[in-house]
Ligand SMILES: Nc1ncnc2c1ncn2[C@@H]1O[C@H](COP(=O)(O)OP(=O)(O)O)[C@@H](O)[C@H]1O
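The form predicted on its own is given below as one chain in C-alpha cells.
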Amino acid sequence: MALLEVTDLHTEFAVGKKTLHAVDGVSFTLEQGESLGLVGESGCGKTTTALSIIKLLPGNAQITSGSILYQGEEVTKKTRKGIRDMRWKEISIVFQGAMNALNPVMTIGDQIADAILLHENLSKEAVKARIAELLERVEIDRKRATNYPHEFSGGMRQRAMIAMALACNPKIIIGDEPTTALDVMVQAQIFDLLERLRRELRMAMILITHDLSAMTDTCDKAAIMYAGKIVEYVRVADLFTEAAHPYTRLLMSSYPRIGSERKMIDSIPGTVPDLTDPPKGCRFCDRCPEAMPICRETPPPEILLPGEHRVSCHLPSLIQKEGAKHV
C-alpha cells in the first residue's frame, strides 16, 4: 500500500457564475521516503493539488470528485477535526513566501510551539527542547527562537518554516515553491537542506517547483502538469533522455544548460487555456508544434510506457512505441 495515493482528483473554484477546473483528473502515488516533483507553469494546478491533499482550500474551492488515500484512509471524507489532527502531525507544508505565512507578531519559537502543543502533550521544558533541536537541525542558532520573523533574513525565515513543518515528525512534507524570491545561492542551500532532512528522517516529499534543475537533484519522480492535468509522469532519472510529451520537451528547452551553446533560451508561444471553458481536446494543442486535427477534438489517451512512464498524448510515435499500452 502506497503512503499516499491520489486518484482522479477534481478540484474546482467558483468564480462568479463560472466554474474553474483547477485540478482535473490528477492521479499519482507517493511511497515512504520517496520524493515527487510537481512541475509546470504558473496556474497549472500544482498548489491546488497540494492544498487539496490537506484540505486547506479557500472558501470558493471544493473537491468535487476523486480519491485521496493516506495510509489507506480516505482524506476527502475526513471531518474537520480529523483533518486538523492529520495536518502537521502526518502531512505538513512549507508555504511559498515565508514572510506571508509567518505571524509577524509572534516569535518564531512560539509559532513552532503552537504546532507541537496542538498534537502532543508535552511539558514546557520538553517543548523548548524540541524547538531548540528543530532550529539547530535547520542550522539556526537556538537563541533565535525569541526573535520575530522580521528579524530574520529571507533564507532564515524559510529555514524557520521548514523547522515548523518538521515540528511533529510528519511522514510527508510538501514544499510549495519554498525558494521563491531567494537568490540562487540561498535557493541551493534550502534545497540541499530539504534533501538532507528527507533522507535523515526518511520522510516522503512533494516538491512544487518551476525549476527543473532543482527537481533533478531532490526528486525521484516528476509529474509534469499543464492546465489542471498531469501530462507526463516519469522517473527523474529518465526525464532528460526519455521525455515524451511535447510540453515536457518544450519546458526543458526553455531552461539554459551549462556547457551548451550560448544563445537565447527558447520560449513556449501562446498562453494557457481558460480553465472556466477548457478545450474539449488536448489542452496543449493551441501551443503544440506537433498538434494534429484529432488533438483539437478528442482528449488524448493515457499511454503507459516502460518504467512506470505515463504520458497523455495522441502522437503516433508514442502509441506505436515498443511496450506501450493504453492505461
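Because the structure is a prediction, the values reported are computed rather than measured. All residue numbers are counted from 1 along the displayed sequence.
Below, we refer to the form predicted in complex with the ligand, which is not included among the displayed structures.
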Which of I53, C285, L275, L30 has a heavy atom within 4.5 Å of the ligand in the predicted complex? L275
Check each of P293, G270, P58, P289 and return the one that places a heavy atom within 4.5 angstroms of the ligand in the predicted complex. P58
Although the ligand is absent from this view, report whether E297 comes within 4.5 Å of it in the predicted complex, heavy atoms only. no
Quick one: is V26 in contact with the ligand in the predicted complex, heavy atoms, 4.5 Å cut-off? no
State yes or no: in the predicted complex, is some non-hydrogen atom of G43 no more than 4.5 angstroms from a non-hydrogen atom of the ligand? yes
Is V311 close to the ligand in the predicted complex, meaning a heavy atom pair under 4.5 Å apart or at it? no
Listed range touching the ligand, judged in the predicted complex by heavy atoms within 4.5 Å, from 62 to 70, 298 to 306, 43 to 51, 277 to 285: 43 to 51
Does anything in 11 to 43 come within 4.5 Å of the ligand in the predicted complex by heavy atoms, and if so which residues, in order? F13, V15, L20, A22, E41, S42, G43
